[in-house]
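Here you get one chain, nothing else, as structure tokens; it is the form predicted on its own.
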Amino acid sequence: MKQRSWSDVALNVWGVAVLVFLFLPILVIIVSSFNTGRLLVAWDSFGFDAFGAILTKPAIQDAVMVSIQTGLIAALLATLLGTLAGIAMARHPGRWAFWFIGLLLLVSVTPEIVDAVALLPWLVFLGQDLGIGLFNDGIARLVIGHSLFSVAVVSYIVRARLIGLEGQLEEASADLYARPLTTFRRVTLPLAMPAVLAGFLLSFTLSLDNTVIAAFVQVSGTTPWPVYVLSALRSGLRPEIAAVSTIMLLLTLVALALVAVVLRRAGDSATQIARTMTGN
């Protein structure tokens, strides 16, 4: 049996240490969600009181519902726009696609604080100065802010899915005198559907995590969960915060697992799944 070198052992130990460092805080939050004490940092005993408190506190319920509602609507909007953009870039490449990808890249790398500072006066101008009531609605504001980055993500994923598939099926459909809309509905969209579903689920999880933009554009009565947690820091975090965070974590993991299942059933390998989810 070949003896392992000290460098291999050191690298393995270092890798395990990094993983522990990254995931230990998440484990602490999960354990703290079963704390029956008043504050998150003061352990009292093990119990499910924090999960029960979620059902008795309307403020927590409202914040969670706002986050879920915003996430679903933002994911639908981002998926619709991103799917059309991704199909256009994959099936009609050209100089315009180069500049459009650059624009999407700019959206992807722009810091959230910059987007938030830019969005706030723009939404106020549209809603109050021009009198467009839609932009005074808290859910609409959150959906717009959360969709910015997600549209780029969906566009990358759909383009990556279709650019690796030949266009003979669409050409054959046209040769058989199918209308462009029929070809899109019965050929192109089914080919892109795994990426579309993956983009929708990723957009939903990204919306649940959005804090900076939400803190800027939200209005009274539509406070999402991340902003609620941020404001709770002033009075001290309670175990129910950890309980809801644990539920959110499970929801995110389920969404990511569904992404992998959808792509794998479409015939993608593990490497292709990773490349698709990163837009390569």
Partner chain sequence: MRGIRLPRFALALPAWAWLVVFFVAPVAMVVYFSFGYKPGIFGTHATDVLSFDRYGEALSPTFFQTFTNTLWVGLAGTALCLLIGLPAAYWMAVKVPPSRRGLLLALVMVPFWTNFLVRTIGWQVILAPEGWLSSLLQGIGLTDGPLDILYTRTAVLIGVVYNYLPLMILPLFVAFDRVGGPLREASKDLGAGRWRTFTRVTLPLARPGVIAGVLLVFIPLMGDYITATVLGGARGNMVGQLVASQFQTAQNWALGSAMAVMLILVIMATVAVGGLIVWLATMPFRLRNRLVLGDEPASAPAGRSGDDGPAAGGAEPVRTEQGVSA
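Numbering follows the first chain given and starts at 1. Only the largest set of C-alpha atoms that superpose within 1.5 Å between the two forms is called the rigid core. Model, not experiment: these values are computed from the prediction.
A second form of this protein, the form predicted together with the partner chain, is not displayed here; the remarks below concern that form.
Looking at V117, you'd find a heavy atom of it within 4.5 angstroms of the partner chain in the predicted bound form.
Contact between I144 and the partner chain in the predicted bound form is found at the 4.5 Å heavy atom cutoff. Put simply, S33 is far from the partner chain in the predicted bound form: not one heavy atom of it is within 4.5 Å. Among heavy atoms of D209, some come within 4.5 Å of the partner chain in the predicted bound form.
Comment: the partner chain is not present in this chain, but in the predicted bound form one of V107, I139, L72, I132 has a heavy atom within 4.5 Å of it, namely V107. Residue L230 is the only one of M65, L230, I247, I54 with a heavy atom lying within 4.5 Å of the partner chain in the predicted bound form. Contacts between 15-29 and the partner chain, taken as any heavy atom within 4.5 Å in the predicted bound form, involve G15, V16, V18, L19, F21, L22, F23, L24, P25, I26, V28, I29. Fitting the two forms on the rigid core leaves the C-alpha of V18 displaced by at least 2 angstroms between this form and the one not shown.
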